[in-house]
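The data below hold one chain only, encoded as structure tokens and taken in the form predicted alone.
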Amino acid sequence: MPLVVMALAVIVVKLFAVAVPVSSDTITINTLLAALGFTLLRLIVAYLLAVIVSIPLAVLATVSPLTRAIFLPMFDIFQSVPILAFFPVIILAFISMKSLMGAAIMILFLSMVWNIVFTLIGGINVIPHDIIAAAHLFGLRGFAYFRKVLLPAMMPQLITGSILAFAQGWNIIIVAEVLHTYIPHGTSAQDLFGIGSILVAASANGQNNVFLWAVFVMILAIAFINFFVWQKLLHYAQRYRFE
């Protein structure tokens, strides 16, 4: 589960977190693992926030034909706006709060949330009408209806949307960690320590060995999460799929 991955990331950070500049020629595998730990923590926090926000948005958009007509076009517009268009505004807002970490998590959150929202809406829309009718016949309303009908129906799509969202997070992680390019008169010292910022710094400084090792570590992490987290969850979610 993602929480297990987060726990492992915390352990990695505790064991290997060291203050080594990303431009150093002496970056070790421990430093790369620590960077991966910080990157995973950012991704997982953003992902959990995206799930928490996506579920009520998906339910709200499918409550009635009226809410569908109002919210689905609105969500589609938000999804279509390039994420990076928000980034300078987000950076300035979080600089005022002295939280560059918050800026990184926010941009990751925005890159993830609509993947989950639209897959959840798809899951709700395929609930058979006889299931809905039976639920109403037995008096399921409110939270009971959500827990016994909506949540199981959304489960397979939640995992599918999560895979897409996490992949989008990996795609945007370099932008989320290399913040100085969006900060007026920014310097590389304002970048967040993570696997994305190490990749950028190694490429800029001609550190090919560091760059290749960072790519290798990132690929291993992605493969591990895909095989031992998402594939397991996909298999588990099949029991909730409507035939």
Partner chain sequence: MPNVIDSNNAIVFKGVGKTYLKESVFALHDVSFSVARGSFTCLIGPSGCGKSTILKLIAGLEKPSVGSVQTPPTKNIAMVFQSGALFPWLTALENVAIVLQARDSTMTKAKARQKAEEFLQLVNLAALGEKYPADLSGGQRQRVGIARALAVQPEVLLLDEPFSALDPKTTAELHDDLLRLWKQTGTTIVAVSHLIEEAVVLADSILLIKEGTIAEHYAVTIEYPRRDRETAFIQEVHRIRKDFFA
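Just so you know, these numbers come straight off a predicted model, no measurement behind them. Positions refer to the first chain, counted from 1.
Form predicted in complex with its partner chain: not shown, discussed below.
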Heavy atom within 4.5 Å of its partner chain in the model of the complex: which of I91, I105, V113, A153? A153
Considering L140, M101, I83, A167, which brings a non-hydrogen atom within 4.5 Å of its partner chain in the model of the complex? L140
I'd like to check something about I95: if you look in the model of the complex, is any of its heavy atoms closer than or equal to 4.5 Å to a heavy atom of its partner chain? no
With the partner left out here, check for me: in the model of the complex, does some heavy atom of D76 sit within 4.5 Å of its partner chain? no
Check whether A134 has any heavy atom within 4.5 Å of a heavy atom of its partner chain in the model of the complex, and answer yes or no. yes
Would V149 show up as a contact with its partner chain in the model of the complex if we use heavy atoms at 4.5 Å? yes
Exactly one stretch in 141 to 149, 157 to 165, 68 to 76, 105 to 113 has heavy atoms within 4.5 Å of its partner chain in the model of the complex; which is it? 141 to 149
Interface residues of 212 to 240 toward its partner chain, as seen in the model of the complex [heavy atoms, 4.5 Å]: R239, Y240
